[in-house]
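A lone chain, given as structure tokens: the form predicted alone.
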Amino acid sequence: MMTDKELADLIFPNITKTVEDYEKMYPERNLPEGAIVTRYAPSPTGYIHIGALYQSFVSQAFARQTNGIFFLRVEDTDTKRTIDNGIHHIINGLKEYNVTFDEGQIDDDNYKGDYGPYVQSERKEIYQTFVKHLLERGLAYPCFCSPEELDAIRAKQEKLKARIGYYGPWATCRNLSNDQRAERIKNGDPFIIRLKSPGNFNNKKTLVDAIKGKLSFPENDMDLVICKSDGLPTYHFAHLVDDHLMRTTHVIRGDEWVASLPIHVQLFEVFGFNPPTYCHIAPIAKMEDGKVRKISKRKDPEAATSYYHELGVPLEAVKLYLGTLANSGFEPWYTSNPAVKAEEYVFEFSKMSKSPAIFDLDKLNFICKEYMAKISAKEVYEGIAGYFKEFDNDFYEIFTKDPEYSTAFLNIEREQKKPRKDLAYYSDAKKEMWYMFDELFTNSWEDKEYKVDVEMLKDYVANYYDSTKTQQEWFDDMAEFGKKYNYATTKEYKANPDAFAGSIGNICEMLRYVVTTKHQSPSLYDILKLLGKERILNRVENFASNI
């Protein structure tokens, strides 16, 4: 009768290394006590999802704050879903948000780190060594069931209202002899490899999740597939091998994987390995019709990180927003420390919510405005220039023609106790400052009901306005000029409105409207100073000709 080892050699004749060999090749990492080794492990199947960015942001934070390791592992064993340039999209999509890796793929063909390869399709021999190890010990077996046979088993289970799956008496290939298995293999019958599960569904297992706390679940008794017909592992088996050999200490992933814990825990136990600490992150969700649902690639444009790039959301603001989702203490910390970076916060698993994090675009908008108001005008200028260079080259050329001029406008009211907050996204710049550029200034005074004393404004600009004056001197000159047309100070006007044509504020409002086409804008004094006397007068005269 054929032994288990002989069967294993028949299936994998070219696998000569052992599990022990790989243990020596990938030893325990020499890291400080408490260091977290974690990973982002995407499949190269499409764009970066906001949930994926959230998970990688959290993983990076915990690794970096503990002087640990954060690595990228590409899980591409599902060849049907893998897309061309998928790895490139992942690496560059995350790099845009300053998510970088200590180890892992740096492009399609190269990686850094001593625990690679970091692309699963390049680790086939390693997986097969671990599968062979189980076969040699009678803990796995080849299964020859066709899709039609599996469908028939499922139909019977449904009819009998039994649990669905390949287990116990339903595992029809489990009890074949090795001789029967060898004969079918030699005949060329297609097969896969299944784990011979030692579990009993009636037994309970417990595990402490770093975020969710104590979890209890039945033992796995399913003879799950661990190696597909193409020789590549299933996700579950690759997870075991990779996270063990790469010495992952914490598996930080979405809580949709909680259901897989019985399988993953059992696989570690079968090999006698200590499992990593599991940390299941609650998903990002949305409120819809009063109900909470997971954010959807299909329904929600904001599910794609490209949405934020195209909108011109500052990258740091995205991270600040993710920080508020990740830890309950982040927002008060940042409010008290507005000049710091999101990475400086010390995240704690205990402060991560067990419930879905509700995505709130209004909250993101608020954070963006707060962030844009706190950074320097030079930083805002660079962000705007970078955005429009990619998305609107015409405005980019206008905006960058005189960097000092554009930066000076962005700096208006920036250093005040309550800085202006008119910009949330870089894309807002064009609609908020187009009127400062003669190339874009058009005859677009739309408020036909608004009354402007054009002759008075011409007189003021031509004979009274002086761009060299301080703001107080400018206001004093305006007050003196107002007397000529019976306009009083605000205090005087309020005391006796019938005695005056209006207040000095009314003159400023008229002038603001004529030179900007708006009733609200940043400081009029600073706008006038930037435009200069000649351009102001040109706009007043242009207004007179067109209204």
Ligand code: GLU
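So that there is no doubt, residue numbering starts at 1 and follows the sequence shown. Note that this is a predicted model, so its numbers are computed, not measured.
What follows is about the form predicted together with this ligand, which we do not show.
With this ligand left out of view, the stretch that reaches within 4.5 Å of it through heavy atoms in the model of the complex is, among 458-466, 124-132, 250-258, 211-219, 250-258.
Think of it this way: in the model of the complex, this ligand has a heavy atom of just one of I36, A488, A41, M478 within 4.5 Å, and the residue is A41. Contact with this ligand in the model of the complex, judged by any heavy atom within 4.5 Å, is made by just one of E75, E413, E382, E331: E75. When contacts are judged by a 4.5 Å heavy atom cut-off, F268 does not count as touching this ligand in the model of the complex. Under a 4.5 angstroms non-hydrogen atom cutoff, this ligand in the model of the complex has Y235 among its neighbouring residues.
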